[in-house]
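Single chain ahead, written as structure tokens, the form predicted alone.
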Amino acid sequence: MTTPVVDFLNRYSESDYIRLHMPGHKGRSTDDFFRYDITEIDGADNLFDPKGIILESMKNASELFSSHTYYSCEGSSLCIRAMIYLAMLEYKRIHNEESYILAFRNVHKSFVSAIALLGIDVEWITSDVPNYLSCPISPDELEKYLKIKEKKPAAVYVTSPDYLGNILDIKGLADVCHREGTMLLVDNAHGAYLKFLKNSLHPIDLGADICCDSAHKTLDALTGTAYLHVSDNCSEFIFNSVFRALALFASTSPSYMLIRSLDALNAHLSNNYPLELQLLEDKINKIKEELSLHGYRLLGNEPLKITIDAGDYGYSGTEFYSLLMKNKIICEYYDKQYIVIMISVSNTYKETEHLLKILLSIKKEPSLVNNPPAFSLPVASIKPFDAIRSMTEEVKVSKKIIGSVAGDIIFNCPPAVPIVICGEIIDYNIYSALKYYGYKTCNIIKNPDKLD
């Protein structure tokens, strides 16, 4: 597969042109990669109005993902905002009125910032799973929910895979959405590699209308690289509006080093990656089997993620993380109950063997229960659009905050899943969750009763 962006940057960086353009380092640094950092000069194309090498590169990515694929240099966060905007525009085009988004509650912070910035109404759908990171709603449950809605949402929005490695039944959810006359949007930030499994589990292949992937989370790409994928089933109006939607939220100075990274990735994905992925998947399956036989309770069904219930094995997540650190292993995420380990094709056989050896060497202890407080949906007092424009004050997390209105999207990063959203009333469960996750202070709205 061609790499037009890589080729252009190589030619330009090796030329003797005098760089009288941004950026200020002029390609000169002790760090070699600076020579690829340029601006939209002649021949370099434009990310949000591509007609040359970037367009060619995105066509290559589209071929790989069997979709209409667009690049982001601002992660999946940019793509999430764009796809929500596109869904709302599409609904308004068809129905000549506004609608709302029906969202599974375990969303990323960027979803909340999008609805707050755009003033979009959201209706939450929740499950009875006792944590904030998963929302395993089945297609049947979604269908029952949609059938009682007099006004259909502009889209249903789900996160899959979630942070603990659970993959939803995307095909079933997509079928329900389409029968009920709405779109399915998927935050697939953790699942770019799912396309390249022997049997693809990528949302677009399973019927999603629009989804985002973070290339950097599971593929060999620089941090900040992501894709927005639009299905062939979408309207010409959506295709014609994608760059408008991306540009609305994006910087006018996208990084050519990130675009170069995505372009170079195309060649890897089209050559050795599927075989490398198959070998890695087989290896991880064997690791999971051994861990289960050894007494570990594993969560989730995502192929490249190992999620351990540390509490069930007799440790707090913090204690378990410390044991891994002492053995030179840094995991992706931990809290009081869980450990999340992410493996990619860039990890060596020696590294995965070391991981297994250390995990098998840890002695099982009597089970502990460190689960977060049971989730219950907070009452919304003020719309997020109004809440983010309100005056707030920082207060200590104590029982005194119960009854206050949250002034911020309160989240830990990772995993950037909100505990409470700006405009919602902090109840006892939210207070307990803030204590559980170690918050010392939070922002609440001053005088919320005086807001218009």
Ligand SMILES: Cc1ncc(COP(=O)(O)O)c(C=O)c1O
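Everything numeric here is computed off the predicted structure, so don't read it as measured data. When you see a residue number, it is the position in the sequence shown, counting from 1.
We do not show the form predicted together with the named molecule, though everything after this point is about it.
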Report whether the minimum heavy atom distance between Leu173 and the named molecule in the predicted bound form is within 4.5 Å.
no
With the cut-off set at 4.5 Å between non-hydrogen atoms, does Leu265 touch the named molecule in the predicted bound form?
no
In the predicted bound form, does Ser110 come within 4.5 Å of the named molecule, counting heavy atoms only?
yes
With heavy atoms only and a cut-off of 4.5 Å, decide whether Gly75 touches the named molecule in the predicted bound form.
yes
Thinking of the named molecule in the predicted bound form, which stretch from 346-354, 267-275, 292-300, 212-220 has heavy atoms inside 4.5 Å of it?
212-220
Among Ala208, Ala189, Ile84, Cys177, which has at least one heavy atom within 4.5 Å of the named molecule in the predicted bound form?
Ala189
Of Phe375, Tyr163, Tyr193, Phe249, which residue is found within 4.5 angstroms of the named molecule in the predicted bound form when only non-hydrogen atoms are counted?
Tyr163
Compared with this form, is the Ser346-Pro414 Cα separation smaller or larger in the predicted bound form, the difference being 3 Å or more?
farther
So the Cα-Cα distance between Pro414 and His216 shifts by 3 Å or more in the predicted bound form; is it shorter or longer than what we see here?
farther
